[in-house]
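Let's start with one chain on its own, the form predicted on its own, as structure tokens.
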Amino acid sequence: MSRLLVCPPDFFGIEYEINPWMRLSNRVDHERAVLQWHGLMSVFENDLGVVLERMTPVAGLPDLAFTANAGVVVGRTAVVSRFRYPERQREEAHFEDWFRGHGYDVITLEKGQFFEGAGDLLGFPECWFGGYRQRSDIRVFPILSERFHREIIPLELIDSRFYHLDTCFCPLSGGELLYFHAAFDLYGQIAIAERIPNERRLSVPEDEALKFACNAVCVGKHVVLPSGCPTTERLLQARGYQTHSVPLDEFMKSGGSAKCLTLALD
């Protein structure tokens, strides 16, 4: 996670409702959102030495700031997202243009093959996990598995509040998993347990999962997560991680936090 794609929230706001967190009546304090975003970026750049690649924001695309949904990057190949909701589909061309403009080999999926990027595809060196049902299509994962020669284990997301995998599932650099187990059905819980031993699974309490504790970014032995999650911080610190909590409540109004605002480019 030494290079991240980000997009300034110049036009961020809630202009539609496509997940349980978004309410037109719950207006974003735009000035505060901008300050929170720059505070997050300062942690990455100044505290952790991460290189940030900044996209140009576009008027009328308020969720372009959530670059985790741009696609997924493997080496110099980028798979561009296909969004389920029309409200976000205009973002696809801008993400594709950015990848092509920066020398990536771009893969585009057929229309109707919904896939929302690193929001729904996460994992470890030995295997990946793919979240489906809420936004991404399960039939996309065999395509990506064959293309990248990686096992992808599908996990059904059964709680609409956790509509992307990265809202409830965060792989850590030491092989541990930070996650909220109740976001998955019994099959998903078993699939996770079969591949990640109990001692490496860090289960987040529901109250902090709802504060997006799992929507964190792990950079080496550092974990950047939203503020207000003391139990999660203690879990991480007990495993040797240094935590960096950042207020991101304005972005939570739209259903996102630290991880949603970044895309790993390495």
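Position 1 is the first residue in the sequence shown; the rest follow in order. Please read all numbers here as calculations on a predicted model, not as lab measurements.
Beyond what is shown, the protein has a form predicted together with a small molecule; the following relates to that form.
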Verify the flagged residues Q36, K211 and L248 against the small molecule in the predicted bound form: is each one within 4.5 Å by a non-hydrogen atom?
no
If we define contact as a non-hydrogen atom of the residue within 4.5 angstroms of the partner, is A68 a contact of the small molecule in the predicted bound form?
yes
Is the gap between G131 and the small molecule in the predicted bound form 4.5 Å or less for some heavy atom pair?
no
At 4.5 Å between heavy atoms, is R82 in contact with the small molecule in the predicted bound form?
no
Non-hydrogen atom contact G255 with the small molecule in the predicted bound form at 4.5 angstroms:
yes
Can you say which of 106-114, 164-172, 184-192, 149-157 gets within 4.5 Å of the small molecule in the predicted bound form, counting heavy atoms only?
164-172
